[in-house]
Structure formats: C-alpha cells, structure tokens
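Okay, here we've got a single chain as structure tokens, the form predicted alone, with questions on binding and movement later.
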C-alpha cells in the first residue's frame, strides 16, 4: 500500500528496455519514498541507472523503455494507470525537472522571462501580464541580480550560474509537489555551486517540495540532502539518512565510493585513493548472486550463490550486503597509507614563466569604440610560475579567471602578449608553430573532453601512435611496441588499441589521452580539467595513475581544476588565480591552512565535504567575476571581498606578503591580522548528534 505521507512512493520498480538482444532490465526492484520538503540524494557511478530511474518514476522514458513491474504513486495518485494525456498535465505542473546542462534546456531564441511565463501560462492559466509578473517574481526568488533586466535577455547573455538559476526559477514557478534535479551543479565552479546549493536548500524548505537529487558528487550530497540511496547496476545497495550512510557505510560499494574521494586534509604523499577495480556490468552480462560481487573486496562464495535482499540494519537504514555486520564499526574507508612521505630532493627547474600577459582585442560591438576607447580583455595579467621536475603545480580559481589561457600561452596554443617562457633553461617563442620539434615533444596537454581530442574515425592506438611518428621518428615496429607499452602503463588491455573511441567509456578515453601525452616523453604535461566530467571512481583511478606515472617518469604537471579537493590531493604547490592575476601561491599544505588570501578563503569555504560531521564556515562571494575588459581599480577583488578594509582596497594595488617556505599572499591585510581573523580554519568537527 502507498504511504500517504510521502509525496513520491515507488515500490519494486523494474524498468526494461527493448533492444536488439531482447528485453533488458536496467533498473530492478527499486523502492524509495520521498516526503514533503525532503531532499533525497541518489548516487552511483555513471551507468548505474540513476537517470533511467528518475525518468521512469515520472513516466518519461524513451520509446523502447517500459515499466515492467512495480508501482508509482505521487501524493496518492497512481501514475502507472494514468493515460498519457493526464501525464502531460502533471509534467510541468506537479512534477518538474532541472537538468545538468542549462544550454540544452533553455531556448536560445526566446527571452528568459517569456520562457518562464510560457510554462506558467500553460499550467496556471494566467494571463500574459500575470504570467510575466510571475516570471519576474520567480527570478527574484532565486536571487537573480536585476531580475527585470534578466527577463528581457537571451540565454547567451547570462553566465552558467545565472542560467542554472533560470532553470530553478522555471521549475518552481508552478509550485510542484515533486522536483527532479539531475546533476544540477556539475558544470559549475565551486563558488557558484555553493551559492546554488544554498539556494536549492532554502527554496525547498520554503516550498516544501520533495526532491530527487541525482549526482556523483558525494560532498554535494552530504551538504544538501536529508537521505541517500546508493544505486549500482540498477539496484539499491544502501539507503538511509546522510549520517547513517556516510558514517556507518554498511555496503562495500558505499565504502568504495567514499574511498575514491580526495580529502582536503591529506595529499597523495599521505594516502592513495581507493579506486574501485573493474566496471559496472552491462544489463545483459549481470553476474549471478550479488551484482557487486565481481568488484567487491569482501566477496565470498555464498555472495555469488544468490542475490542478497535489502535488510534493515537500523531504523531507516538498509543495506543489500549479507556481510554488513562485518563492516559495522569499521566506517573509515580502507585507504593505502603512504609511509614514505618524507622530504624529497629538489629537481632541476623545468618551467619558468615570468610576467606572462595575454590581452585579447575587444570584438563585442562599437559602443566602446564610439567613446574613443580601444578596450582589451586582460585574460592573463602579469602571472609568474616556476616548476621543478617531478612536481605538480595546481592552478585554481573560478571560471573565467584566466587558468586555461595561462596554460595555453605556456603550451604556445595562444601567443602571449608579453613575458618570458623558459623550458629547462631554453627560452620559448610565443607560438607553437615557431617552436622546434624538441620543444614540442617536451610540452604536452590533456584536455577536459577527450571526445574533442580523439579522432572518432581512427582506433585509439592510432591517436597514441601519432606523436611517436611525428615527434620521435620511430619505425612501424618500434611504434607498435611503444603503443603497447603505453596502453599497459595506463592500465588498458592490449585489445583496446584497435577500438574506436565510441567503444570506450569516458574514463578509458581519458586514459588514451594520457597515454598519448606521455608518448613523447614530455618534461611538462598540462592537465586542463582532466577529471571534471568523470564520476568519482574514475577520477580516483586517473589521479592514482597520474601519480604513479609521475613517480616513474619524472614528468611535471600543471594541473588546472575548479575541484579544490582534487588539486589538494595531487599538487605539491597551488597557485590561486582571480581576474588574470595571482593572489596566493605556496605549498598545498600551506594554502589549505590559515592564513589565506580572502579569495582563497571563499574558495575553500565552498568545497563540498563528504562528511556530515564537518561544519564549514560559510563565506559566499556576492555577484559575478567582473569583466576582464573593465577591471576594478586598486585590488581587483575588492568588489566581492568579504574582508575589504576600506578605501585603500579601492585605490591601491595590494602588496605581496611573504611567509616562510615560499608561501606568498597578495593582500592589503597584514599576515598577522589575516591569521587572527581566520583563526583555526574553515573546517570544524561537529559534535555527534542526531541524524541530519
């Protein structure tokens, strides 16, 4: 019988797809309930069935998908017995959805206000004037800056964070009972993500909406959700309150996922991430017994004999592991502790980039030109970095701060406006086309999206072989042998050499990209957001791979990311960039403990920590990053700085302040005052109390 206190009540749901191989059950016997005002987090690796489950509960499956078993009730309404016409009235009115990519959900040819108003008119029967007023009201609800003006803009005129606010405004405009959020913050940088998560939490409390929140980011779940379901290969492995699941971890898969997450209090020198071996099985290749058995460290023969049911381990806490009592009281994930974390000898200087500037001419219209100005976009404005061999420099900052432009200038893909770049003591020309082959071999890049850098019509092995042929003049036999070695080095089977990119997973394609970068034996590898689009298990595997390859090859990494926990784990030093300038630089250990630059402090405050007992000081930056064409006077961070001390910040450039061991902070506030203001730091262990 349905629970009438729950908004969503799903019982023993099975979803089947009709394929060329016959019917395949992709979600099996899943049950869950979501109460009014509750945010239920659904986590699992890519391919675990999260989005399929979400679409099934609102009957929004593709043509070859069907619900072959179970029951679904929305506030007592039996959704499975409703005709399609009635379901269309429910979609957008009682049930709404916020997708991962707002660009795929927002019509680029319609004004923002009109798009929200169109939904309101369709479901609330308001007049055009009333619907537009409601649209503006909703933009105010999501704290959109200047909502009346935004209502009269198009999607291309808004930032990613603003577009995500538009999606949320559209979703809540009809006062829905149930809201699905499918990876709503994955594409956002850490400060924007923090603001959006705060907004979601406050709005759901106000509207008392039941939310299914799908993500692979366990830190986000710990911050925003009330309960969590862990989905693997279409089955629930564990379910409970945030505190129960995160602290007890009564299923090996839950333990594995949490072991993949880098910690902000430890680096790769202290621990190795516990990547889960193997892959999620395909629906037509499910194992006998426990579906997680082939990847489980606790598996025994009895686990392979029959599929374990969900059992009650405690009130409200269920697990599908027959050996859950063995794990009780052993909540801390099994991580490999690195014992040899002592001091290391300094290697030779690999990269010296001094006073790099990159200015782009403005191409956005005639307005500034008519006023007699010839503006430029100062994407990188006087940045210097220095790196030694076997060294990782992490570059962090919000989207648009200049991280990627700096990397492209070093690689020669963008021509620097001024400054000097030296590689192993040799001065480099600004353009990659003017650099000799010996230099091209020594600087390689790994990009965020391997699909954009691998030829879809050529086997993966050809992509890895190309730099060997172009840059190292190897014979065909030598190329074949070296490609096989590189595939082995990045833990890919030899038969993957002949596979096309579409036959590989996202993590496998990124491994091919890393193998290709190492093919030329580079001295410097530039990694530009190489793990941001991957789930936690693949991220952990790739970070461990990069660490192992660095240890064996001595390559240095320039590692760019907005994931500060990942940067903390992999980096020796961290440089913090804002609006084209460097504001703090030092060892990873120093940058993550007070004193910090106020901008670094805000970035660290925004990191979602996968531990419900950790309480963070809440520092949120107001507004967006100013235009790099119209940089504020004085300290260019003063327009958003929560620690601004007065007019001096508006008038004068801040000085660099040096601490021991090379840690430097660029700020008007003296180091001693910053230290006193920031106290013991941003992360505090809360007392153990009731469930979150």
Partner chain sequence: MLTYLLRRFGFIFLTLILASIIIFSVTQFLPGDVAQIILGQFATEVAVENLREELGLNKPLHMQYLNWAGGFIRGDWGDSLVSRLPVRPMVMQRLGNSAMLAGLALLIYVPLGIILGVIAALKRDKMPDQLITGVSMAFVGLPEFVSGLLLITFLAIGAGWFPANSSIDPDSTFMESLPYLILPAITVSLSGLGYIARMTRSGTIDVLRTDYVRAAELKGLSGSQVLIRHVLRNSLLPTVTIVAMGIGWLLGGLIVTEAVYGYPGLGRMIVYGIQRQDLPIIQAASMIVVAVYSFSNLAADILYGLLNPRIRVGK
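Residue numbers count along the first chain shown, from 1. It should be emphasised that the depicted structure is a prediction, and the values quoted were computed from it without experimental measurement.
Keep in mind that the form predicted in complex with its partner chain is not shown, yet the notes after this line are about it.
- Proximity to its partner chain in the predicted bound form, defined as a heavy atom within 4.5 Å, singles out one entry of 192, 267, 115, 274, which is 115.
- Exactly one listed residue, out of 58, 649, 32, 666, brings a non-hydrogen atom to within 4.5 Å of its partner chain in the predicted bound form: 58.
- The closest heavy atom approach of residue 99 to its partner chain in the predicted bound form falls within 4.5 Å.
- In the predicted bound form, its partner chain sits beyond 4.5 Å of every heavy atom of residue 354.
- By the criterion of a heavy atom within 4.5 Å, residue 552 is excluded from the residues contacting its partner chain in the predicted bound form.
- Under a 4.5 angstroms non-hydrogen atom cutoff, its partner chain in the predicted bound form has residue 95 among its neighbouring residues.
- Remark: of stretches 303 to 311, 203 to 211, 554 to 562, 156 to 164, the one touching its partner chain in the predicted bound form is 156 to 164 (heavy atom within 4.5 Å).
- Annotated contacts: 88, 104 and 122 all touch its partner chain in the predicted bound form [non-hydrogen atom within 4.5 angstroms].
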